[in-house]
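Next up: a single chain in structure tokens, the form predicted on its own.
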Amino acid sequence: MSHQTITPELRRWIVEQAQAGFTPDVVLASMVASGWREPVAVQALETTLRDHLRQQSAGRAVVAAPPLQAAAAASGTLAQPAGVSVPDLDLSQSPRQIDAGDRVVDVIASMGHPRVVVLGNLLSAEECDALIEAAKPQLARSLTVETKTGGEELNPDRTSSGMFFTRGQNPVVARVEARIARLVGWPVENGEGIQVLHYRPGAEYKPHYDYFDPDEPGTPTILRRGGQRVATLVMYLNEPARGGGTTFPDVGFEVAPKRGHAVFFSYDRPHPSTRTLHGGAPVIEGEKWVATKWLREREFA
């Protein structure tokens, strides 16, 4: 099964098992034995129990039975690292627009968990064209980080071509990087270089996480360059006629690629509980150009 959805029925079943006194480990083992992938099962346990107790508290309902409280507390320890501070946009007053220094950016939509914010007019048409033209001479088949060694590899799940700018490589790149830093409150030096990707019809990037898996042997080598990735900003440089959206399968959300717009999402720990599984849907007609900016915990060198 390539994709597994956490359904309302599954959530109800998890709550029932916890109320019956079964421990998270027992429930997890049962889910895995039934065919659920462990990361999805762990996420389902953690989010279901946490959300259930939060709803009870908000509704001033009867205090949860001890088995449910214990299960919720224990589920938070299932293979989940501690959270860290992450970049974010100040949406506390529900602004329609945000001042990014040299440009006013529109807030189109936002989600709390996962933390996803869709932005309008982050880039001008001229900036989109300039990034595409500067990238074209350097395009090559896209690689992904190889977490077993810390190097790079060809990945059949990623069928785009791309390239990386170095930080501040040209005036347009430097201007966009400064705008992003102000927008999300994160230092410019904590960002990787902007990557430009080109997708032709049929090209896609199947659902994945952007953080580096802490259980892979090559991850310590990768983290020496600036720590974990903690946020992603995908900027759309053009508009394919059909397809090519950014999908978030765990929450059934898709962002359409509109020129100059972007989607930001953050993840405070390298764990599926962040619900940041995402992918680039296949381009059906036309072509797609995007620029991606990954932000790290510390200075990226």
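For clarity, every value in this text was computed on a predicted model and none was experimentally measured. Note that residue numbering follows the sequence shown and begins at 1.
Beyond what is shown, the protein has a form predicted together with a small molecule; the following relates to that form.
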Proximity of residue 210 to the small molecule in the model of the complex, heavy atoms at 4.5 Å: yes
Residue contact check: residue 290 to the small molecule in the model of the complex, 4.5 Å heavy atom: yes
4.5 Å heavy atom contact, residue 251 to the small molecule in the model of the complex: no
4.5 angstroms heavy atom contact with the small molecule in the model of the complex for residue 300: no
Whether 205, 234 and 278 all lie within 4.5 angstroms of the small molecule in the model of the complex by heavy atom: yes
Heavy atom contact within 4.5 Å of the small molecule in the model of the complex, the stretch among 122 to 130, 106 to 114, 178 to 186, 197 to 205: 197 to 205
Answer option from 48, 273, 266, 246, heavy atom within 4.5 Å of the small molecule in the model of the complex: 246
